[in-house]
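Okay, so here's just one chain, in C-alpha cells, the form predicted alone.
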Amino acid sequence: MKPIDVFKALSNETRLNILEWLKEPEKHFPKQGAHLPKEVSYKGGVCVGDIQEKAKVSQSTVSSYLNMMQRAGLLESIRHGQWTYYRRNEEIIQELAKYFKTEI
C-alpha cells in the first residue's frame, strides 16, 4: 500500500462514497442481480453498472474511478461472465487504519 495513492483515490467525494457504499453492499445496492452470486465468490461484489447508477456518473467515469481505487489497493474485482464486480479490500483498509494510528 502506498499511502499517497490511497489519499489520491479518496480525494474525490464520489470515490469516497463508493468505498462507503461497498462497506454495506446489501443496504446500498438492494436490487436483485446487483451482487455477485455467492456460489461464484463467497466474498461477494457489486456490479459496475449498479455502482454507476447509484453514483450518477457516466460509465467511463465510474470505470476510471474504480480502476484508480483498485490500483490504490482499496478495491478488488472479479469477472463473472461479461460483468465485473467490485468489493472492498478489507486487508488494505485495515492497513490504512493502522497507518493512521501509528504513523500520522
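The first residue of the shown sequence is 1; numbering continues from there. Here the structure is a predicted model, which is why all the values come from computation and not from measurement.
This protein has a second form, the form predicted together with another copy of the chain, left out of what is shown; the following refers to that one.
By the criterion of a heavy atom within 4.5 Å, K23 is counted among the residues contacting another copy of the chain in the predicted complex. Heavy atoms of Q82 never reach within 4.5 Å of another copy of the chain in the predicted complex, leaving it off the interface.
In the predicted complex, every residue of the candidate spot (I4, L10 and L96) has a heavy atom lying within 4.5 Å of another copy of the chain. Taking another copy of the chain as it sits in the predicted complex, the stretch 82-104 comes within 4.5 angstroms of it through a non-hydrogen atom at R88, I93, L96, A97, Y99, F100, K101, T102, E103, I104.
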